[in-house]
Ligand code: NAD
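The chain that follows stands alone, in the form predicted on its own, written as structure tokens.
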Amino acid sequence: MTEPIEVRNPRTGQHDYVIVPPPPIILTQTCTRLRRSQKSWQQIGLEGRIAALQQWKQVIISTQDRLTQALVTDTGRLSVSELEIGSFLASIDRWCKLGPKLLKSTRQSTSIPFIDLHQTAVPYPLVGVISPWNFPLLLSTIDTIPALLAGCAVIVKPSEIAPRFMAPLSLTVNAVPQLRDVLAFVEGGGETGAAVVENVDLICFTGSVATGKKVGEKAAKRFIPAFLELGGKDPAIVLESADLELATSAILWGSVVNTGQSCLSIERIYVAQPIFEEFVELLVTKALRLQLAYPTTESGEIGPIISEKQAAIISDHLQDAREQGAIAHCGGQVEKIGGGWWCRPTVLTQVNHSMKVMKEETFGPIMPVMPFSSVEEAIFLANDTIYGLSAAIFAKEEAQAIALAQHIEAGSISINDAALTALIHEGEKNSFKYSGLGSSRMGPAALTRFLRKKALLVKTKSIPDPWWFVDARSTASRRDAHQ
């Protein structure tokens, strides 16, 4: 676990950075320190925690250039890195605004006139967060911020593939005295992640289905909650009545933003047969306008493939599709340019569900398009997957799209747009099938899931309960009469 890990630069292909995982005893000591400090963090109250988070935000803003540069080096792309930082800072404000409403204790009457319910909650002492490489900053903090606001201490283990951002971010944490005692980022690979699960009271994991299953099993053995956000194979359905200009623009963005390296990417496209050829022609035309962000990060919209392992998976999916008769209308291959791996937006037709590109998570800028002859067939095709994260539906009539959405097995469905949960976090959603497990990381539940609810049942009148034993009630009545 303490062996150094060399980190590859996705633009150059060079291993130009090294991280050193902590020895097991140091990780355990860090968790012990965080858990001990959590009591003070909880006791300063919600206003104190909001003040600390807002102070952290200001420190980040003052050193934002350094954080941006680290993220650009981690991922090889600029505009999405800037979007990440902006979303991260906005989430601090959003949770600080929502916290007072969501974390308020309540008192109310019950079905029994002389019993009141005082509803309160206490935070889990130490939350563990294990995050992936595709959005290194955003996905390492999307669970961290609400957990901190709820009163938990947090230890975060980002991916060893994109870890450079941790150094500048940790410096900002250390600049806020109240925060540095309850928030730590730790370097390491799978062994370090497993050790984190062994030392926390609740675990949040974002990543592959295979690793997520291991995390869930380990958490179950320890009898701690596990919130798992796993893979996706999101479908888009385009009905005959859809606005094709809108649909192709939305699907193109939803498929290839961040080079398709998102669990919310559109990875399967089903189009009504009468508009199929027109849709494909328009999608290809728009896809060809997008350029690689090479030789500079500002040269185009499509950044490099961050993970070398993922580049091999994308290449395998494309080769499998070609061998089974798929046609690439643009793109179609993984290229090595300047030491990095790149893939231009690729539109495929003549695809079917025997192909890997239609069954397995590709995680690249690949748009396989398949016609359907009826709404029933479109529903069947969209649901023919082990995943159920998100989906998109395009139709002229909103009511028609919403009615169809009721039949799609996915937690979030964008209507006449795509991948909206990447930007809109208000709606609660649960992952279907192997796309995840546990309470929603969107909406109010994203905060309240870090609390253990407590119900205080308060008797408001000094009277015998009608359900007590008869003799006990009689004794109480005689005593009251005597007094």
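Quick note: we count residues from 1 along the sequence shown, nothing fancier. The structure presented is a predicted model; accordingly, all values stated were derived computationally and were not measured.
One more form of this protein, predicted in complex with the ligand, exists but is not displayed; see below.
Can you tell me which of 370-378, 131-139, 395-403, 219-227 lies within 4.5 Å of the ligand in the model of the complex, counting heavy atoms only?
Contact-bearing stretch, as computed: 131-139.
Do residue 79 and the ligand come within 4.5 Å of each other in the model of the complex, heavy atoms counted?
Close contact is absent here: in the model of the complex, residue 79 is far from the ligand, nothing within 4.5 Å, heavy atoms only.
With the cut-off set at 4.5 Å between non-hydrogen atoms, does residue 263 touch the ligand in the model of the complex?
It does: once the ligand is placed as it appears in the model of the complex, residue 263 has a heavy atom within 4.5 Å of it.
How about residue 231: is it within 4.5 Å of the ligand in the model of the complex, going by heavy atoms?
So residue 231 counts as contacting the ligand.
Determine whether any heavy atom of residue 126 comes within 4.5 Å of a heavy atom of the ligand in the model of the complex, and answer yes or no.
Taking the distances in the model of the complex, the answer for residue 126 is no, it never comes within 4.5 Å of the ligand.
Work out which of 73, 211, 383, 178 lies within 4.5 Å of the ligand in the model of the complex, going by heavy atoms.
If I apply the 4.5 Å criterion carefully, the residue I get is 211.
Which residue, 301, 320, 360, 160, is the contact with the ligand in the model of the complex, using a 4.5 Å heavy atom cutoff?
Result of the distance check: 160.
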